[in-house]
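Okay, here we've got a single chain as structure tokens, the form predicted on its own, with questions on binding and movement later.
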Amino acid sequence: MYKSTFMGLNTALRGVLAQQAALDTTGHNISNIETTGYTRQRAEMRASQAWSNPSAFTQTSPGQIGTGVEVLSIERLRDQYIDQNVRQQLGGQAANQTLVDQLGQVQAAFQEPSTNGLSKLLTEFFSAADEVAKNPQESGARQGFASAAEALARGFNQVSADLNNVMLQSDARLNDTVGEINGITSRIAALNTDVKRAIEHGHQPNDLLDARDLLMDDLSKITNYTSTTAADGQVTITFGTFGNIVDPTVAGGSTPVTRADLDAAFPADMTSGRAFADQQLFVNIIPGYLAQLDALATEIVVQVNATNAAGFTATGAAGGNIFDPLFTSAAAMSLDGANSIMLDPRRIAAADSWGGTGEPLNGNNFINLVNTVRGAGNGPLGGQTFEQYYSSLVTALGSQAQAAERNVANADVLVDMAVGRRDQVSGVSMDEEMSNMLRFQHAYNASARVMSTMDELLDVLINRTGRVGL
């Protein structure tokens, strides 16, 4: 017993349908060549189940005859290990770019080098003190010193305020980040449900998977995480010791995080992403520069006040404070209101002695301020002078900013390499798709030609067999 007469027609039809599916897939790829996050798809074909003749005549007839081709599935070409590498590099790039942007604002707060920076104000302060030391009788020199002291205090106030503003920006972004993370995870949870439903009905939800992977890429730019994919297609995303932020087993499919959760995750569980950089800025970097600024302001106030208190004013009184001794930070640095040298510059204690009423003024006490206090290394500042300490602070900031810029450049290269590797696997190549289109078109035409030939054969068999002379 042999196979059906119409079997060849069905074999050709299978070829036509398979090549049509391949052409449809190629067209889908070409249409989405500019679609962000799209993954190239391919029609996976296999030989359909062969026909065999399970009869007593099997030994005298062909064992198995092919029945053509069938499309097993429409697969998307994706490598999860390459994806993990891309997301790791995206997180590093986002963290370093955030540091570069914010450190640029920190540098702008110091305004160095410029005519308004603390370095210039410190120089002008001691230059004004030197003028008083040289001309203690001149009211103009005393007024100039009072103005320079006030400008120095205001300079510290401004730098501190600007640094705090940059820190508050990081704080605000961290609060916004909570909403971003929860928004992304809720959308991933919704896609999880759609993916599972599609797979349960025997479909391959390629476009849904692309949308979910794109969201996971976006999440990696905010913070690092780990993920696993179950057999039903649903993904579980874990955020350090907090646990699963996307979990198909819980109601809604995701667990919202709070700002407290982000704070608790730093630094042990958080190693990359914008949130990591903002935590660094908010917790460590900017508070560190504020602490150094406060230390410098404190030492200036202590040393200058002590020097002025050791001298005598233009009226022969003992010197008082130049700066308010009760200040708590650079942000609160100001002239002493109870002994305001702005209101009465005669309160500046430039002289180192006063033998009696009418004794000629001298500037020896301010010579000490200029030569000893300014020039001597101060213990609390690591043995550095005021200007050396401030210069080292600004230099360290510049070095940190430069390092961040180098890291961004390196991260850009690593991201380009990782994305390039993914594009080689998952990206759409117009040349390749056009080549495939021609290949599938020829295969389609050939299968259609086989159908036409089989049709002619069947026409002869059905309509002409048995008719003599034809």
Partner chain sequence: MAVRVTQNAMTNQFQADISKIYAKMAKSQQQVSDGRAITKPSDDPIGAGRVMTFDAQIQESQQNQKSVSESIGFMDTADTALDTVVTALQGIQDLTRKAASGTHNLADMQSIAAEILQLKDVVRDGLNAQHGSAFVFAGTGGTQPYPAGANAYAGTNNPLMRLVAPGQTVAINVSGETVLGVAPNNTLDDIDALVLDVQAGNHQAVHNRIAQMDTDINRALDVRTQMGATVKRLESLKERLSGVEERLTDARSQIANVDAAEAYMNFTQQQTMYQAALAAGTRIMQTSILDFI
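Basically, rigid core = biggest C-alpha set you can superpose within 1.5 Å across the two forms. Numbering follows the first chain given and starts at 1. In this text, all values refer to a predicted model and were calculated from it rather than measured experimentally.
Just so you know, the form predicted together with its partner chain exists too; it's not on screen, but the next bit is about it.
**Student:** Is every one of 124, 370 and 424 within 4.5 Å of its partner chain in the predicted bound form, counting heavy atoms?
**Tutor:** Spot residues vs its partner chain: full contact, yes.
**Student:** When the contact criterion is heavy atoms within 4.5 Å, does residue 134 count as touching its partner chain in the predicted bound form?
**Tutor:** Residue-level check for residue 134: yes, a contact with its partner chain.
**Student:** Can residue 48 be called a contact residue for its partner chain in the predicted bound form at 4.5 Å between heavy atoms?
**Tutor:** No, no contact at 4.5 Å.
**Student:** Look up in the predicted bound form whether residue 112 has a non-hydrogen atom within 4.5 angstroms of its partner chain, and give yes or no.
**Tutor:** Contact check for residue 112: yes, within 4.5 Å of its partner chain in the predicted bound form.
**Student:** Is residue 429 a contact residue for its partner chain in the predicted bound form, using a 4.5 Å heavy atom cut-off?
**Tutor:** Yes, residue 429 lies within 4.5 Å of its partner chain in the predicted bound form.
**Student:** Would you point out which of 382-390, 308-316, 340-348, 173-181 contains residues with a non-hydrogen atom within 4.5 Å of its partner chain in the predicted bound form?
**Tutor:** Heavy-atom contact with the partner occurs in 382-390.
**Student:** Pick from 31, 445, 435, 64: which residue has any heavy atom within 4.5 angstroms of its partner chain in the predicted bound form?
**Tutor:** In short, 435.
**Student:** Can you pick out, from 228, 139, 353, 165, the residue that has a heavy atom within 4.5 Å of its partner chain in the predicted bound form?
**Tutor:** It is 353.
**Student:** In sequence order, which positions of 383-405 have a non-hydrogen atom within 4.5 Å of its partner chain in the predicted bound form?
**Tutor:** Sequence-ordered list: 387, 390, 391, 394, 395, 398, 399, 401, 402, 405.
**Student:** With both forms fit on the core, is the shift of the CA atom of residue 441 between this form and the one not shown 2 Å or larger?
**Tutor:** Residue 441: C-alpha displaced by 2 Å or more between this form and the one not shown.
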